[in-house]
Ligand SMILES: Nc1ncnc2c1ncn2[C@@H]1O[C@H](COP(=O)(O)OP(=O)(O)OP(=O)(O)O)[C@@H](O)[C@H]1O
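Quick heads-up: it's one chain on its own, the form predicted alone, in structure tokens.
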Amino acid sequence: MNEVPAIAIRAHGLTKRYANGRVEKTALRDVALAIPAGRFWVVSGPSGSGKTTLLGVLAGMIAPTAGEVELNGRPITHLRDHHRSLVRRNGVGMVFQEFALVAGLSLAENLLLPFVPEGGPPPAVCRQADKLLERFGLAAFARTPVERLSAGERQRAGIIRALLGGAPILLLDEPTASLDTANVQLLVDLLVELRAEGRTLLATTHDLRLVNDPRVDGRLRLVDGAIET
């Protein structure tokens, strides 16, 4: 009998409303989803459909108006800020659409920047960063200012930074948005490798090259903040 995989990312009843003056905007509407552990899923949908908000809520960066998120079986929505920060550091890695890299700093400095408030990265993290730079083909650019890197190189840098905490879940916001077809294939190759190592991946996208890639395990579509059925 085949064993049913555990659910790594579960959400139910997720709603997010924003006040904009006298107007209230609903970014998410009663969203429910269940992403199995060790799988690669994508959430597609047009611009403004709520995809980035959904990732922010799943990562514990945005508090929902209603609903609950569980990561690897642990509810996170109602945790205190400190504990939610620990979940983000150890449980989930976030790759932002605009990469969130700091111009003027080298690639290596950007990778280790999140550890500065804690007194700097421990030696184990530095060793892990070196290994990941080598694995992702970026070792030669470690001391290069990030603004001199290509879009594909900056995308890989964002993934490395998200992996440094050892998070088993990786969330990616529009990861192929600025990439040509060759770099899209390279990126998906890397994501498939990470899945093979046991990580769970969820990417938002409006890029049909990613949506239709046969290596993707599951697909959801978000329209006007709701999962299309």
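Bear in mind the structure is a predicted one, so any value in this text is a computation, not a measurement. Residue numbers here begin at 1 and follow the sequence given.
Although it is not shown, the form predicted together with this ligand is what the next lines describe.
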{"query": "Stretch in contact in the model of the complex with this ligand, which is absent here, among 161-169, 66-74, 183-191, 46-54 (heavy atoms within 4.5 Å)", "finding": "46-54"}
{"query": "Contact test in the model of the complex: A27 vs this ligand, heavy atoms, 4.5 Å", "finding": "yes"}
{"query": "Partner proximity in the model of the complex: Q128 to this ligand, non-hydrogen atom cutoff 4.5 Å", "finding": "no"}
{"query": "4.5 Å heavy atom contact, H206 and this ligand in the model of the complex", "finding": "yes"}
